[in-house]
Structure formats: C-alpha cells, structure tokens
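Next up is one chain by itself, shown in structure tokens, the form predicted on its own.
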C-alpha cells in the first residue's frame, strides 16, 4: 500500500505500524525522524513513552507511531509545529525526575535522553519541586548495575526478559510518580542474555559491570566484526581504543542474531588480549629448552622437521589438524598444502558448549561449517592413524583437539616425529611441539568465516597484536615455500586467496572478501542462513 510521510510517497507492507514501516524502509531516524524510547524493533509494542506522536490527516488527535497501523493513502506529518510542541511536552515530563548527570553517567555519548533533550526538548525546566529520591548502584545480578533515578519506565528491559530469554526477572512496581523498576523478590537478573538490557536501555539506568566506567564511549571506534564464541556467528561492533578491544555490542543482522548476543559470547572479547596468548614464535630443542625464534627461523625449523619425515616415510606420512577458529582462507591454504604434498591425512575437532533455542549453537567455534565445506572431516580417524604410525609428522592449527579428545590426543601426538603447532593461546600442545607459531585471532586478521547455517561473513582486523603473530594461512604458506611445494609462489595475499577459493569451490562462488555484503551471504546450496 502507499502512504505519504511529510509529503513524500512510500510503498509499505500492509499490517505494519508507522514505525515498523519506516524501519522496514531504513528511514527511521535516517531521513524521517520520529524519536522514540519504548519502541524496539524486536520487542512487543508498549506505547508508554508517548514520544513518537505524529499527525495523521483526518485524525483529530496526534497518534503514537509505534502503535498505529498504516492504511492505504495515509498522510503522516512528523515535523510540523503541532508535533514539535508535543515532543517538547513529553521531554519536559521525562526530565522532571531524570538527573542531568551526563558528566558522570556511563551512557553519556550514546544516551537517547541526552540526544533527544538536545534535539526535541526545551532549554529551561519549569519545575521547582525537588527530584524524587531513588537508589544508586543497585546490584540486579551478576552482570547488571541499576541507577534507579535515571529510569524513564520505557519497560524495554521488562519486555526483553519476558519475551526473549523468557525469564521475566524484572517488573515495574507501584504506580504513578512512585513507580519503580525492580527484580521480583528472590529473583536476580541472571540469564544468558542479561547484558542486552544495558544495550536497549535508552538512558543509562542499566549498565554492565563489565564495561561500566572503563572508558568514555566517544573514545571508542566501533569496528564491525563477528563474535567467534560459537557457530552462530553473531554480528557485533568491537569497541576499540588504544589498540585494545573494550567491549562487544550486538550489531543488527536479522539473518543471524537480530539485535541480541549472549552474555558469554559478549564477554569472549577478553580472549583477544588474554594473558595466556602465545606471544611469539618458539623452537623446542632436543634438550627440552624452548627458545624464542624469528618467523624465518621457525619456518626453516618446521620445514626441516617435516622434510625429514617425508624423506623417511614419504609425503603421505604428513598430516594436518585444521582449526574451526581459522578463517576459510586459512583452511583453503592448509588444504592446498596437503594437496601439494599428495597427502590425505587431515581432520579437525570442534569444542562444544551448552546450546539453547535462541542464539547459542552447540559448537563453540565460529568456523566448523567452513572446515566441513572445505573437505575436512572428523579428527578421530586421523588420530587413529597417528597412533598406528601411518602419520609421523603433523601440522596442527589450534588446540581444539584437546577439548574433544583430551589426554588421549596428547598421548597420540606425543609419539610423532615432527609436530608443528600454530596457535593463539597456550595449551599442553606447546610442550610437545618442536616448533610453535604465534597466530592472530579473528579480531586481528582479514578473512571470512562460515556460520552453522552456511552464512559466509567477513572479519576485519580491529586491533594489532602487541607481538609478532600471523594468520595461520600465512604460516602454512611460508612452510610450503620452504618445502618448495608447487602453487605457493610469491607473498601471501589473503584477498587473492579468497578469490581463488571462490573460484575453486562452487559453494563459495561470489563469496570472496571483496564481494561479500555487510550482512554476509549463504553458501550456495546451504539453503538457510
């Protein structure tokens, strides 16, 4: 059906409200400004804040855009004098009790009350009565702190807990000017998605304990990325300053995560700068001593160890364990490495965690689907061949095999003649490997990953590691060059590798780094995602 907004005609879907229709068109607060607090695109309609009032021709009273369904020929006005005065009245009411504590409020810089007070409010307050007393720094649960005096009762958080995780810990108690947001007695705010309430709180009443007072938000650069905590691949903004990631915020992608992210995935950014990162390449001598090494020295040592196995038992005795944390490009280079050798000894292992019906998927790694799409199978048969002596040299990406096979994997790998490890975090595998390469995590490199549903998404470097580290693909590329394997001439170029992958694999056609849209695209034949 057709409607007009401020004199401009638009075609919208039947049954949508005015705000929904504008959101569908990508115009809401992006060309057509209808300020709102209580409305959220992924929650039920509340209609409590009254800020989204608009004028509709033929209707005597102003209407709230969040709960008014569009009709054929509807003529809507969002910026005339009548609407402007209504917004001023709502803003004046909301600011009766809300403190103007922007200099100390952690939401300052991304607070809708601050923004809307500037854009739509009045410059002077008329109230003379003291502001009502309210509680400060209320501990609502393990993740969230509540500053009660800032709450404007939009009830987004209440609806979120009822409608998304279904836990319903929060409610509005008492009525009128004594209304207060609280948890139900004996029920702390404690669910797997609790920190989303801080994202959707428009005024800084709810803040996360993890980010509270770490840094002012205007110092942060939001870099688009993907959470790698599990196979869902939720879209996030990485908040970056001083070459450090301070937080993950969910980035809207209706094909992947809507506007949410689980708490555990949100906090997984701590792994980027964790104390147990492998902070340099190293060689493990026969005397048991470990020494730091340059990349060239580590590559030469890895090639020498693998070459010795090849000369003794042939290239078929070389195998590889892929990583579901590596990018598609890293995995494609690893596969080419094996193909150039003439070896079919490969596999990968995937750690698992507690899944749910919302976003959390069983596999606790971002790119297990990419491993499968590129032909890597389960690691168990490879480990059996290692135990049987058919594989004597192994190139291992990551240490995920320890999460699935544990000490049995260590026992199997202990008997190898050559073990080369490329990993980002420390593990028991380090003690077995003759050569250890420090690798980058997805937040530090360029590439693509494939989520559980087959959606290929791009990751870009948000920070630089404070030590020498490289993508797994580049490490494998350099080892292949040292072994004089065909097909590895020139410098490693991830964009060229991505294009070669898209040309070599029909499922990845058009899914290279430069062709992917911001929301990603499904593998051909994936069917969903």
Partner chain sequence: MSEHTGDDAFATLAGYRARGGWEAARKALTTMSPEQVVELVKNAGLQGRGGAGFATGLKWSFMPKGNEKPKYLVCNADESEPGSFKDRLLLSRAPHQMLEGILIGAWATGAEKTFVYVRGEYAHPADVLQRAIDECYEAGLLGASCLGTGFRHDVVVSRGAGAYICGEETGLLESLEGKKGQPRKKPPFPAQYGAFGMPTTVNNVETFSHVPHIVSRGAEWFRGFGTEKSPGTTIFGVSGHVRRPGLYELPLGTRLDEIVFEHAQGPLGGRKVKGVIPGGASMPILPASQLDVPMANEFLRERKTMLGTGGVMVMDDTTCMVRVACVITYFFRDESCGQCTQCREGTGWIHKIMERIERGAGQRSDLDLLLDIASKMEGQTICAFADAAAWPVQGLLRHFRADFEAHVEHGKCPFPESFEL
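Treat the numbers as computed from the prediction; the structure is a model and nothing was measured. Residue numbers count along the first chain shown, from 1.
Omitted here: the form predicted together with the partner chain. The next part is about that form.
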Based on heavy atom distances of at most 4.5 Å to the partner chain in the predicted complex, which listed stretch, 471-479, 489-497, 458-466, 41-49, is the contact stretch? 41-49
Residue contact check: residue 132 to the partner chain in the predicted complex, 4.5 Å heavy atom: yes
Residue 121 near the partner chain in the predicted complex, any heavy atom under 4.5 Å? no
Does any heavy atom of residue 89 come within 4.5 Å of a heavy atom of the partner chain in the predicted complex? yes
Please tell me whether any heavy atom belonging to residue 96 falls inside 4.5 Å of a heavy atom of the partner chain, as the geometry stands in the predicted complex. yes
Quick check on this chain: which one of 173, 219, 353, 213 has a heavy atom within 4.5 Å of the partner chain in the predicted complex? 173
Consider the chain as shown here, without its partner, and state which of 80, 344, 127, 242 has a heavy atom within 4.5 Å of the partner chain in the predicted complex. 127
Using a 4.5 Å cut-off on heavy atoms, which residues of 64-79 contact the partner chain in the predicted complex? 67
